[in-house]
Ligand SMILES: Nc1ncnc2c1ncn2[C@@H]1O[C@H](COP(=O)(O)OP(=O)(O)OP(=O)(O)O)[C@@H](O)[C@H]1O
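Just one chain follows, in the form predicted alone, and it is written as structure tokens.
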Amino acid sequence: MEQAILNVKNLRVAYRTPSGPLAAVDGVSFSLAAGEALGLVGESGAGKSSLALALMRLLPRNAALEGQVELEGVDLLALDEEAFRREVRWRRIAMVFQGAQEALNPVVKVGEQVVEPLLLQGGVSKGEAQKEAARLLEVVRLPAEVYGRYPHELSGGMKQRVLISMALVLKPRLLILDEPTSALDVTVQAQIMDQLKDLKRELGLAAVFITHDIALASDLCDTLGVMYAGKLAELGPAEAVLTRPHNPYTRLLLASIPRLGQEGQPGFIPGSPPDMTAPPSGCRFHPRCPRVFGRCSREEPPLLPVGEGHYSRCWLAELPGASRRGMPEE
């Protein structure tokens, strides 16, 4: 693997609530190289979006943030807010938010919204900024006339492409995509995913892609991280996670995906995610796990190796043969 440009170590996000602290992200660590895409998948409430907002330092005021986030050797959490806003946010890390309609200002023309970061932080003239914005709209396959339109005049897919162009305008090294295709139909989804693959290849962007759809993530991502209750349940090369899943949670997620020619109904995950103000003891998935045994409820497992670059937060990984065959049989 190439040298990592992003290193996240023991990242924690906790929200203050009337019921007590809610640990949305609890000790997450990973690395990302230039041109590499990491997919984060899992159920709602797993902590995926909180992790993305933590990387951008856009958390609400009731959130506490701990850990280490290094981008090209710079500890981002050690920077004060003004330095982070001036030197990092949008310039070195940019984010494409979920829901393009809500992310765009409805009373400002699209082109003016694309050029705004350049005029505020780019140190360029208005004419140069307009040329760059027009170029970026072309990069994301939008016609030139979109520059002078308002958001409500565009389709959902066109608005999503505008958000991508806005995120790229300051040439960041890392792009965070939070459910960028969730509100789109499958045809437009495929177009946006093809667009993202082209940008990743042509610009060498590192990307964190957040989605509920593990199949969609596999289309773009080199590495997959499966999140459950604020922690990584499984992490590894996309092919290994998809074809040799080890963690019982990952297996159930994959079994829930409808497949062409499938006989019978897709599977489902019994129960509900835990209350994160009072998470269960031991492995957080043990109350729902079909492979639970005594140790699971008493001790919390670390991420254990189950293959080359492939890790699972499950005590089954310590059983003989787990690293060679995935989850052992009964």
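Numbers follow the displayed sequence, beginning with 1. Quick caveat, the model's predicted, so the values are computed rather than measured.
The form predicted in complex with the named molecule exists for this protein as well; it is not shown, and the discussion that follows is about that form.
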> Does the trio Ala34, Thr223 and Glu239 actually contact the named molecule in the predicted complex, every residue with a heavy atom within 4.5 Å?
Replying inline: no
>> Is Gly271 near the named molecule? Define near as a heavy atom within 4.5 Å, in the predicted complex.
In response: no
> Can you check whether Glu112 is within 4.5 Å of the named molecule in the predicted complex, heavy atom basis?
Replying inline: no
>> Can you work out whether Ser49 and the named molecule are in contact in the predicted complex, taking contact to mean some heavy atom pair no more than 4.5 Å apart?
In response: yes
>> in the predicted complex, is there a heavy atom of the named molecule that lies within 4.5 Å of any heavy atom of Pro266, even though the partner is absent here?
In response: no
> Taking the named molecule in the predicted complex as the reference, which of Pro279, Pro305, Gly27, Gly45 has a non-hydrogen atom within 4.5 Å?
Replying inline: Gly45
> Of Glu128, Asp219, Glu116, Glu179, which residue is found within 4.5 angstroms of the named molecule in the predicted complex when only non-hydrogen atoms are counted?
Replying inline: Glu179
>> Just to make sure I understand: among 58-91, which residues lie within 4.5 Å of the named molecule in the predicted complex, judging by heavy atoms?
In response: Pro60, Asn62
